[in-house]
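In structure tokens, the next block holds one chain alone, the form predicted alone.
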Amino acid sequence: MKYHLPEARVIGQQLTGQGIYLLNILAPEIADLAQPGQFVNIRSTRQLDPLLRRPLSICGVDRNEGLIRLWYQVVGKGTQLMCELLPGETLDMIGPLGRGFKADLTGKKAGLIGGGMGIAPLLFLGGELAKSNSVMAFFGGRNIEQLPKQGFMPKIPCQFATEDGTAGYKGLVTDLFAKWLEQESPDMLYACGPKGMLVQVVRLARQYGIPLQVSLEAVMACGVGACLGCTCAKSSKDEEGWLKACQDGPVFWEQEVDL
């Protein structure tokens, strides 16, 4: 089930990095149903410009307080308008949307690999998995500005990588993750980030024979499968065809899609 909340109230937001914000919204209907990997589609203004909604991964919920958290980066006019919102102002929002991660595990060892803003849905996932599983997260970015801060990080072990060496391991997060796989044998892997990162994670998952789910970053307009703007190719192992990231995903088993 999804909800249309034309006046979801902003509780507050904070700057967590250069052009990166954590937004808290009162949306009890969405907070109650949201699962890790799902997203919301937001209109950032009451005007017609920009016309299209902005899809944002849910990075956390507080079901008791009815809050959802969105961690996003300012990349254009829509997100620039969002970062100027003040407590008490409202947003037009639809959600929760899409297919989320398989998080109903118990007593398993899970690895999370995120790059850039692809870390957002893994924060929600990590907190949920940690309730009954062993979790290890690997988060990477170009620099320290792109990494999540302790204030909204789930309480899970985490290793960081930055390309410029401003935090954690200097290099790619996939290199750090590969070293871990040489020593550990996780039962399940989850990843979200740039396509190049996902390709490497898929290669490693197949090499070690570990099930992997990936969340794809795609340009979405409607968020409900009508506009066909977020289509992605099915895996060549399956019959030829296309999938809709907003409706069939954004989370897929790695063998379902052709990266």
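What you see is a predicted model; the values in this text were computed from it and never measured. Residue positions are given as counts along the sequence shown, with the first one as 1.
Same protein, other form: the form predicted in complex with a small molecule, not shown, and the subject of what follows.
S.K.: Considering non-hydrogen atoms and a 4.5 Å limit, which listed residue (Leu26, Ile210, Ala218, Val202) is close to the small molecule in the predicted complex?
M.R.: Selected residue: Ala218.
S.K.: Can Tyr72 be called a contact residue for the small molecule in the predicted complex at 4.5 Å between heavy atoms?
M.R.: Yes, Tyr72 sits close enough to the small molecule in the predicted complex that at least one of its heavy atoms falls within 4.5 Å.
S.K.: At 4.5 Å between heavy atoms, is Ala31 in contact with the small molecule in the predicted complex?
M.R.: Because no heavy atom of Ala31 falls inside 4.5 Å of the small molecule in the predicted complex, the answer is no.
S.K.: Given that the partner is absent here, does Gly88 sit within 4.5 Å of the small molecule in the predicted complex, heavy atoms only?
M.R.: No, Gly88 sits far enough from the small molecule in the predicted complex that none of its heavy atoms falls within 4.5 Å.
S.K.: Does any heavy atom of Val61 come within 4.5 Å of a heavy atom of the small molecule in the predicted complex?
M.R.: No, no contact at 4.5 Å.
S.K.: Just to confirm the contact call: exactly one of 174-182, 115-123, 138-146, 151-159 touches the small molecule in the predicted complex at a 4.5 Å heavy atom cutoff, so which is it?
M.R.: Looking at the other structure, the answer is 115-123.
S.K.: Given the small molecule in the predicted complex, answer whether the residues Phe39, Leu56 and Gly76 all have a heavy atom inside 4.5 Å of it.
M.R.: Contact check passed for all of Phe39, Leu56 and Gly76.
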